[in-house]
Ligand SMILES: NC(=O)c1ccc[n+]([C@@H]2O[C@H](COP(=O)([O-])OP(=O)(O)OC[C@H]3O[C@@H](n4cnc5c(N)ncnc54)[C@H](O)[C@@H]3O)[C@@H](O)[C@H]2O)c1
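Just one chain follows, in the form predicted on its own, and it is written as structure tokens.
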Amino acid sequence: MRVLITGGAGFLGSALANHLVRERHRVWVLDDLSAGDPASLHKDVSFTRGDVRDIPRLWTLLKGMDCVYHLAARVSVPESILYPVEYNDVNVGGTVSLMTAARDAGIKRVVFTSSGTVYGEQKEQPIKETARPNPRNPYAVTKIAAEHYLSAMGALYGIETVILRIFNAYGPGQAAPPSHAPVIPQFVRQALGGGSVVIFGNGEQTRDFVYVDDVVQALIAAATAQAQGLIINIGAGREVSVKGLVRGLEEILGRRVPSLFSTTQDGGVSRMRADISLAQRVLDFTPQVTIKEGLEMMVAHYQRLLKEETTRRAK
């Protein structure tokens, strides 16, 4: 296939691009580098720096593409609370721009990465795609709005659309910035550095953590599966508490990881577990990596990074 990935230099996008290239597909990436790194891309990926809202640039890139993966977005929940205008502009406006350009370029299929955060607090677990969204922050609202634009414009313009609501994806290469870092890379880095991990709320809240390689397999399947018009959950189908993550790290490291509890920020929704039965039926999706295996790979990854950093300093 000839594939364009918007936001393709980011965590998920680069993993997808590199996997597709290794399977001998031709891959183009558009990324503004607000969060991505072109150094993470395989040498055979064609990279263009640009904004997903730039329709003329999109026209140039979209010609002849078999499928478009739309991953370009601002993705930090806490940041979205501070900057809702920017999040709406990029996440919603970028989706409208992409679909407009896709219409003009004759694109047949667009695969969109939405988020499990759109569900918010739900009484019934695991969460099915039929659950009524209950977004609790601007980021989640932008994802719901983008979903509606994608579905409506796809139906109007004859573009097949597939929406994947991805739960808590993690894996090597995931950024861990000083503020608002995703929980798993943050905990692993703190634990390996001998520090304490900070838990917001009581730590009993659960999330569905899904390893990056499993997400990539779902994305690849969505390009060709009989899934047009569908919204599909992508998760591990298991829930793990924040305290459970700490216990898992302690088991891997063979020592206690000190935990500090903070009341300055709540822990978010109480439970999150994806019902992945639709993904299993439509995408033949079966997660392969357990949370224990994923944590082990994350620990090994950051241990290598710390060793490389120590070696550079020694020189």
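The numbering used is simple: start at 1 and walk along the sequence shown. Computed from a prediction, not measured in an experiment: that's the story for all the values here.
Missing here is the form predicted in complex with this ligand; even so, the following discussion is about that form.
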{"query": "Heavy atom contact within 4.5 Å of this ligand in the predicted bound form, the stretch among 265-273, 35-43, 283-291, 246-254", "finding": "35-43"}
{"query": "Position in contact with this ligand when the complex is considered in the predicted bound form, options A191, V111, I232, A73, heavy atoms within 4.5 Å", "finding": "A73"}
{"query": "Candidate from M99, V162, A146, V90 lying within 4.5 Å of this ligand in the predicted bound form - any heavy atom", "finding": "V90"}
{"query": "C67: touches this ligand in the predicted bound form, heavy atom cutoff 4.5 angstroms", "finding": "no"}
{"query": "4.5 angstroms heavy atom contact with this ligand in the predicted bound form for Y211", "finding": "no"}
{"query": "In the predicted bound form, F167 touching this ligand (heavy atom, 4.5 Å)", "finding": "yes"}
{"query": "In the predicted bound form, V27 touching this ligand (heavy atom, 4.5 Å)", "finding": "no"}
{"query": "Residues of 43-57 having any heavy atom within 4.5 Å of this ligand in the predicted bound form, listed in sequence order", "finding": "G50, D51, V52, R53"}
